[in-house]
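Form predicted alone, single chain, as structure tokens, below.
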């Protein structure tokens, strides 16, 4: 017969979300009565931008089909030349990199801060060359980058800062929402993000030189204001149709409630496990707000008598939805980078002499170490204080049980 000691500490499943309700249905009902579902001057796209600006007051906005598309639009607006460089974290999604490569730019991977898991400003500074055009600040899992340092570096060198806010809805640096600190910012409505319409994105800026005509970089370089079809640049089609915009606009009305609960849950967990020997939660700097797309902590493997994988397995036995690791490897070790297989097995920027970058020689030791010792946990707004407390107790129990004598 089982005893209470045999039962897992977290004796309930991960709380599930009810993400859409009457707010989305109301907007969708209104949408299907429209004469057109095209984005330009569409009432749902207009509503989306109005709701968005309540949280992120950016003058120039363009809604996109995905967060990756938003990042491509941002990079395209900088008008890179072949071989121009963009500094970026090796712990990111391919969506951060696709636009750079398609614009014949060169992603330059720099190592990260071991405490915050974001771009180390000193490493970014060391990587700047005459070809550097931008730093892409990826706010990993909702933890803000050190934007004060990154923007100061960029200003001193006359380069731009692109903020990748895909994972960081509601995060703040020194009290300012991320996305309002760099030159141009990108957000994602992917199905797995804080806010979702299935897939979609927004790119925005307060810089008029980048913002005037921003839409052309995601709308085939057409001028919708004059209905002129004589494109002066090559641009993709990344428009967001009205159905997605309707859902995204409704989602934005929940922005603060979703973010505040995630902040509360992530902060509560950190407060309870931060003193456990051998457990190192991600550092959030004083004055910053981490919005917790997921929860990451590092394991001091020397403190425990088992591997990271065995530690995560012990957590799962206690009912914690723990995953050993985050990405399987730093992005520069993906096959597409190792083989420089960007365009039909070639890389024109390098083949034609615009860059000498060789990704087989890139190594970011801190990033690789983090991926070898981190454990990630889900965080969502449906989790109660009781659930978070159980997770914290389970982590403490496993750490105490598996710690080296």
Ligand SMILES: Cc1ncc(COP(=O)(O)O)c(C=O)c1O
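None of the values given here were measured: they were computed from a predicted structure. Positions refer to the first chain, counted from 1.
Only in words, not in the display: the form predicted together with the ligand, which the text now covers.
Novice: Counting any heavy atom within 4.5 Å as contact, can you tell me which stretch out of 269-277, 92-100, 105-113, 221-229 lines the ligand in the predicted bound form?
Specialist: That would be stretch 92-100.
Novice: Just to be sure I understand the contacts: of 282, 251, 190, 118, which is the one whose heavy atoms reach within 4.5 angstroms of the ligand in the predicted bound form?
Specialist: Of the listed residues, the single hit is 190.
Novice: Would residue 203 sit within 4.5 Å of the ligand in the predicted bound form, counting heavy atoms only?
Specialist: Output for residue 203 is no: heavy atoms all beyond 4.5 Å of the ligand.
Novice: Spell out, yes or no, whether the shortest heavy atom distance between residue 66 and the ligand in the predicted bound form is within 4.5 Å.
Specialist: Judged by the heavy-atom cut-off of 4.5 Å, residue 66 is in contact with the ligand in the predicted bound form.
Novice: Can you tell me whether residue 166 touches the ligand? I mean in the predicted bound form, with a 4.5 angstroms heavy atom cut-off.
Specialist: Flag for residue 166 set to yes.
Novice: Examine residue 138 and determine whether its closest non-hydrogen atom to the ligand in the predicted bound form is within 4.5 angstroms.
Specialist: Residue 138: yes, in contact with the ligand in the predicted bound form.
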